[in-house]
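Consider the single chain below, provided in structure tokens and representing the form predicted alone.
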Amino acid sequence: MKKILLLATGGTIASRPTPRGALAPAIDAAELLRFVPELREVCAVEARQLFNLDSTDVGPAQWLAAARAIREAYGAFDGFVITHGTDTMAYTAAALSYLVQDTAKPIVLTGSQRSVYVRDTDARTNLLCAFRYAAADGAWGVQIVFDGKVILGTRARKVRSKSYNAFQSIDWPESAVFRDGTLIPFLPAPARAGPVRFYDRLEARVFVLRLLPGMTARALELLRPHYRALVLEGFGVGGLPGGAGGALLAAVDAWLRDGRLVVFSTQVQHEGSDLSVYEVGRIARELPGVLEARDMTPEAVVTKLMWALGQCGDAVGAARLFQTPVQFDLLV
């Protein structure tokens, strides 16, 4: 029987009503397991409380803590399950995909839209499926298990705020699904490049700016002293309003000349960016040092930039890491 470590971090799955009637994390790791007695037939489980937060409060410090906990326990367990709030789960899954690379052991995140404290919700099912996947032969990588789907950490997005089918794999097949409790794998584990690699540095000074019709360059100018990387979410396949002589282009050029990174992305959920299509994109792409997110998810773009900048002190090295595919984050 495989040995799986549960790392509990809070979230809706571990929440109870407060005196004001709102939900807040209150159920610890050991109590979570008591709600799903069937787990004893799936694997041997140890439980540790990593922290107990609403996922709105989970960020780079917590991602590093999770990676560190996995590293410290890596030799003693066959896999890991992390319970997590749904709102930032895709960010954490993407971040762990960069912080723990070429893992031979599955790292599975799950949560729920309703608390395990409430009867007949998605919490127990998601938790049970997460452990079943983590204990399965052939399980691999960093994955989110939710509503019967197994989704690669770099391809996952939360697409619904309340429904049980909250997560979707963006422009990439699901790794596996559960049907009537049976695991049906779709994607086999890829060949690993070498032994597992852990990373322990992130640069949090990354900003995402959504372009709006009529936006001026002032926002970029105000942000530049405070951030090392800027992600510009443009329209459609991407571009920059104002043309070759526009103030926005000059502001982007100032970021790049300052040794900062600029990544062009898109506000459209599927199919990614392509700055080569329109002239408004080509003028941006021609600036030396401009990067393009292409088909990466927004969560992967942000966390990969944080990881790349954490490993390299210079923009050139960080840009090279950003453009190197990791766990199928870049497909085209």
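Quick caveat: nothing in here was measured; it's all calculated off a predicted structure. Numbers follow the displayed sequence, beginning with 1.
Heads up, the form predicted in complex with aspartic acid isn't pictured, but that's what we're talking about next.
Contact check for residue 55: a non-hydrogen atom falls within 4.5 Å of aspartic acid in the predicted bound form.
For the chain shown alone, residue 113 is a contact residue for aspartic acid in the predicted bound form, at least one non-hydrogen atom being within 4.5 angstroms. With a 4.5 Å cutoff on heavy atoms, residue 221 does not count as touching aspartic acid in the predicted bound form; it lies far away. Aspartic acid is not drawn, but in the predicted bound form it has no heavy atom within 4.5 Å of residue 203. Partner contacts here mean any heavy atom within 4.5 Å of aspartic acid in the predicted bound form, and among 172-180, 105-113, 90-98, 203-211 they occur only in 105-113. The contact with aspartic acid in the predicted bound form, taken as any heavy atom within 4.5 Å, belongs to 85 out of 85, 148, 79, 234. Residues from 1-16 that approach aspartic acid in the predicted bound form with a non-hydrogen atom closer than or equal to 4.5 Å are 11, 12, in the order they occur in the chain.
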